[in-house]
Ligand code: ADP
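Only one chain is given next, in structure tokens, and it is the form predicted on its own.
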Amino acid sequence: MTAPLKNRDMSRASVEPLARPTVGSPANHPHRLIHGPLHTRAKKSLRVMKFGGTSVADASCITKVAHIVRDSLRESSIIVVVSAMSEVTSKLVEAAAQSESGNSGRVATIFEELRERHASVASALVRSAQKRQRLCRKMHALVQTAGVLCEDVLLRGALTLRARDSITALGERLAVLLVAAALAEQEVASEAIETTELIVTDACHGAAEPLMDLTRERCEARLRPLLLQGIVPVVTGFIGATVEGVLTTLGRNSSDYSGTILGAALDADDVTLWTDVDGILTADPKIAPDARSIPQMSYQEACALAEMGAKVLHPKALRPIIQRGIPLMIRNTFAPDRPGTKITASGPRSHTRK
């Protein structure tokens, strides 16, 4: 593959349409994989599962994610929300900054490294050569699109917040394709969906806020029919779009927030944030090796910890679900049998959802 910034002679006009991803645009190709019998949602709870960057860091991790989802489908309908693979967003932030600085060589290197990393994961996940090639073509097209956006920044010599959002969104757009492919390998029906179709936001690029009424309408129309057919939506975290369809992001490390927004929009029975620790711990395990997980806590206690900088929970994550009384769990992808931490309105006194 030729690096996206080399030997390219593209006019400013030619890249402008790509800088404005729209809801339902041709760039948002769903990755629909249907296997096995269909199920209805009757008598099944609805759970939103968000998997962080360390949970999708490589092929082995993504396979663990697929196993967790497959096993949970026996009792619940599932919506999966996916972060970018670990360190990918940081690389994309660097690519955007280097584009503004005019360092085309470094930008090309970053995109080639990202292309190779994701292609390697695809090769490890997908057995069929034909399906693997199809997946890699989709990822190649997404990488090329982000490369064109960086070229535009190079030509202009300026990085807008809007362009930065579109560039840094690449990681999640790639990750959902890989997770959907891993689910297909487990014979789980799935569809990869970009949240430009679901989460409607204001136009505050880099720190957008959801417009919940419109988001609820979009989620009901787009996701509910899939859930009723037993199809697992695999959804990008971090990303939204304005009413006009311009891509936005919710802020760094905001996939937790994406998960709770979707949970609130569909009145899910619970939301689980899957990460690499056993919930919220009594202390930093790097400092206190005997730190243990806190089994239950209240929204108020969890909000206080998040505002003080607890890395395990995004400060905004609880906002959408508090009013609807939806429990939030934090669990370990690499130790799924451990209960983790459950966060509810009244904490340890809460045994049932009210």
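We call the rigid core the largest set of C-alpha positions that still match within 1.5 Å between the two forms. Since we're looking at a predicted model, the values are computed, not measured. Residues carry their position along the shown sequence, with the first being 1.
Missing here is the form predicted together with the named molecule; even so, the following discussion is about that form.
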Using a 4.5 angstroms cut-off on non-hydrogen atoms, would A310 count as touching the named molecule in the model of the complex? yes
May I ask you to state whether D284 is within 4.5 Å of the named molecule in the model of the complex, using heavy atom distances? yes
Give a yes or no for Q98: in the model of the complex, does one of its heavy atoms lie within 4.5 Å of a heavy atom belonging to the named molecule? no
So, in the model of the complex, is T54 in contact with the named molecule at a 4.5 angstroms heavy atom limit? yes
Taking D276, I280 and L305 together, does each of them reach the named molecule in the model of the complex with some heavy atom inside 4.5 Å? yes
Which of D165, D152, E194, D256 has a heavy atom within 4.5 Å of the named molecule in the model of the complex? D256
Partner absent here, but in the model of the complex, which of 133 to 141, 153 to 161, 267 to 275, 186 to 194 has residues with a heavy atom within 4.5 Å of the named molecule? 267 to 275
With the core lined up, does the C-alpha of M308 move 2 Å or more between this form and the one not shown? no
